[in-house]
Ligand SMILES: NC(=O)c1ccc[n+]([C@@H]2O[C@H](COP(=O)([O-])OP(=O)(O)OC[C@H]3O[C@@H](n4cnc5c(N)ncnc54)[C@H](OP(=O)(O)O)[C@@H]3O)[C@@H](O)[C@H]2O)c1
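The data below hold one chain only, encoded as structure tokens and taken in the form predicted alone.
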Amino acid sequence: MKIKNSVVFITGAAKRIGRAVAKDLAGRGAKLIVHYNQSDDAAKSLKKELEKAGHEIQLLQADLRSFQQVKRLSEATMICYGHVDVVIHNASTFYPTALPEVTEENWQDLMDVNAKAPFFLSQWMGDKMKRRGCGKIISLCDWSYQRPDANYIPYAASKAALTSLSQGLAKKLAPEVQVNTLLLGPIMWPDDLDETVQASVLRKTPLARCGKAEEVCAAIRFFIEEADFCTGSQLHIDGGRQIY
């Protein structure tokens, strides 16, 4: 599949990695549908920036914790350009949950955004792509689901669920739709991350640096344009964290 003139839907793309992916694909000729939730100003600034450069972009707002809003998002996505060629599950909720303090709300929040919403978006849009005869679904997951941090157990469980459902969808939607997963490590430090924490992470990262959004963009381009014989694949972009 070629990126140029393809319709690409990206969740949580107003900021950080999602924004970088949106700009990269738009610059290569994709027609974008960008989902956001609370980042209204960032989403509008992205739209303004890309349209000024002559690119096509539609914005859709939805709270991925709400099943009804996820359903409406799927329907609205198909209306924008009449179809979708590529779905990128980028939106994610991430925060520590010390075991004695985990609440049902924490669990539901992480599972809803990180696993349930991607599943139902893939169910609805994947079926339409399969009927059209082609499509790509790419999920941004986390290498740490394999060895969960004790303070992030529900988060890791939600990413394990997303990884598993991606492989199940790869079976169900084949051969027309390819479903693949990126297992990310430290990419773009959060603004509020303490330097001592950064140093601790890097000590456990064989490549001894934080990853760049551009490296995620390159992997996504690979899965869209070059990986037509890949489905159910898991590609680590983690600086070697999984082998430490």
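Don't overthink the numbering: it's just position in the shown sequence, from 1. What you see is a predicted model; the values in this text were computed from it and never measured.
Below, we refer to the form predicted in complex with the ligand, which is not included among the displayed structures.
Interface residue among Glu51, Glu215, Glu176, Asp63 relative to the ligand in the predicted complex, by the heavy atom within 4.5 Å criterion: Asp63. Residue in contact with the ligand in the predicted complex (any heavy atom within 4.5 Å), chosen from Ala161, Ala91, Cys80, Met129: Ala91. For the marked spot (Leu25, Phe223 and Gly232), a heavy atom within 4.5 Å of the ligand in the predicted complex is absent from each of the three residues. Interface membership of Cys141, defined by any non-hydrogen atom within 4.5 Å of the ligand in the predicted complex, is confirmed. The ligand in the predicted complex comes within 4.5 Å of no heavy atom belonging to Ser200. The shortest heavy atom separation between Met188 and the ligand in the predicted complex is within 4.5 Å.
Among heavy atoms of Asn37, some come within 4.5 Å of the ligand in the predicted complex. Stretch-level contact check against the ligand in the predicted complex with heavy atoms at 4.5 Å: of 146-154, 118-126, 133-141, 166-174, the positive one is 133-141.
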